[in-house]
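Quick heads-up: the structure tokens below are two forms of one chain, split into structure 1 and structure 2.
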Structure 1
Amino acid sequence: MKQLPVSILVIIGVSLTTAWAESNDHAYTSESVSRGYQVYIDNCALCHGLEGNWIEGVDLSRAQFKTAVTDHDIKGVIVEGAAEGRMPRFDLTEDELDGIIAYIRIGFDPDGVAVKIGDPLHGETIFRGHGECSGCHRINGLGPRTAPDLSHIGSHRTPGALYRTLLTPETALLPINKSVILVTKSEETITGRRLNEDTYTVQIIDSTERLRSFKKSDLTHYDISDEPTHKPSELSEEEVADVIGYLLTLRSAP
């Protein structure tokens, strides 16, 4: 698995809170964009850059291609190669192809702000030390469950999303991770973090780290908070960059 380069500037990517977006000849889910981000980093970023604009005459972030127009055209370039071999062919699954198309179409934010990626080794030290991140987050089976598990966060969140989570958490909190307060008909009050919800039930991790499921018909009060679960980081700019560098190394196995 390729490692992200250290101390570079990247452009904020897609916010995965967007459920659907339409572009050109397909509709794309946030799950596809997330999958495509990993494929892009592993296979495309070395030549096209994290911003998608390193190749002369091509700017993936702004849908500027030399010959491709439709999604089918882009898939053809990826599968068959182009430019007399300068663009190699890639053997990807259909899910990977759909993901990379989704990421190319809506995964870039060319008008975003610059995000610095620092030293991942130092970032891990900060994460487990004075950054106080490991007091809430779990990684690879170690740590509490009161906040989202970060074991594969680098596969699911873009550098920009991680930056916003640290500096402006109110703009980056995924809806499913919002804090909740429940009151049952037996007058029990429970606080926790929402995990899953459907029309009739809700599942949470409560404040004592217990997985609990409730029927909504058994609740007298159900409040979802829009307040972020943590305050903006007080780390220095360099420390934030290092923590982001570390988080981006936490990826699913290829």
Structure 2
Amino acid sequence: MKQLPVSILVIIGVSLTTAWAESNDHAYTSESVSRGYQVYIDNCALCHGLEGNWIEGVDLSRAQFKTAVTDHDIKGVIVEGAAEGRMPRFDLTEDELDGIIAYIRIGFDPDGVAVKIGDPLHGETIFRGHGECSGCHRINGLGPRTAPDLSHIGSHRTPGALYRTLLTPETALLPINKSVILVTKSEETITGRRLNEDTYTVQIIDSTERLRSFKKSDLTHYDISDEPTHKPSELSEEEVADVIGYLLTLRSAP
């Protein structure tokens, strides 16, 4: 693996070394990130600052923009300029643009993964179509209850967490989302997903979407599976970016 220029390590600190390793098999390459860093310093830092937070209402390292959502939108802002010329238009090559986006995206995620974010509309089509997500997940009252409701997933999860859920599910499985297998004293076996649990009781949605509550003292077995339901997604890199773009639009009503 090629080394990062020392200057980047100094500025971003130790956390990037992990991010770096991860980003290699993720959407952006290491070359892209270091190229982007240089282009950023030369063209953008003057106004946006080294940490990307000098402009009111825009914090590039945290993906806080005014109107931009996708990588494509950010490129549009750079190529066309913004705010009636207060941000000038830049004449950069496609490689330089990709580099800046990679650099912005790697700083953006607290988990340090530079994840591509694509077209939300296309992402929704995939979600409802050949991605087969809507066969398990419920959004805004539509769809089954056997998998986590994703209506507000965009305000709860980072792009990095969504990426891991789709590509390396075993690294993203949250305790509350683990599936459970219960056996009651009357020898009924129930599999399902936990909604809630305390010391004495557990509430689950069973495989037929029924909400059920059990006293733990009435159970002879209570197993929590560490095996994710998700298999690593077979969608293409672009499709995953689009689906993540869509998931990020699913937020709590303002």
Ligand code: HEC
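Not measured: the values here are computed from a predicted model. Definition used throughout: the rigid core is the maximal C-alpha set that superposes within 1.5 Å between two forms. Numbering runs along the sequence of structure 1, starting at 1.
- The form predicted together with heme C appears here as structure 2.
- With the core superposed, D98 shows a C-alpha displacement of at least 2 Å between the two structures.
- With the core held fixed, the Cα of R145 is displaced between the two structures by less than 2 Å.
- Fitting the two forms on the rigid core leaves the C-alpha of R128 displaced by under 2 angstroms between the two structures.
- For H48, the displacement of the CA atom between the two structures, after superposition on the rigid core, amounts to 7.3 Å.
- In the core-superposed comparison between the two structures, the CA atom of R89 travels 27.5 Å.
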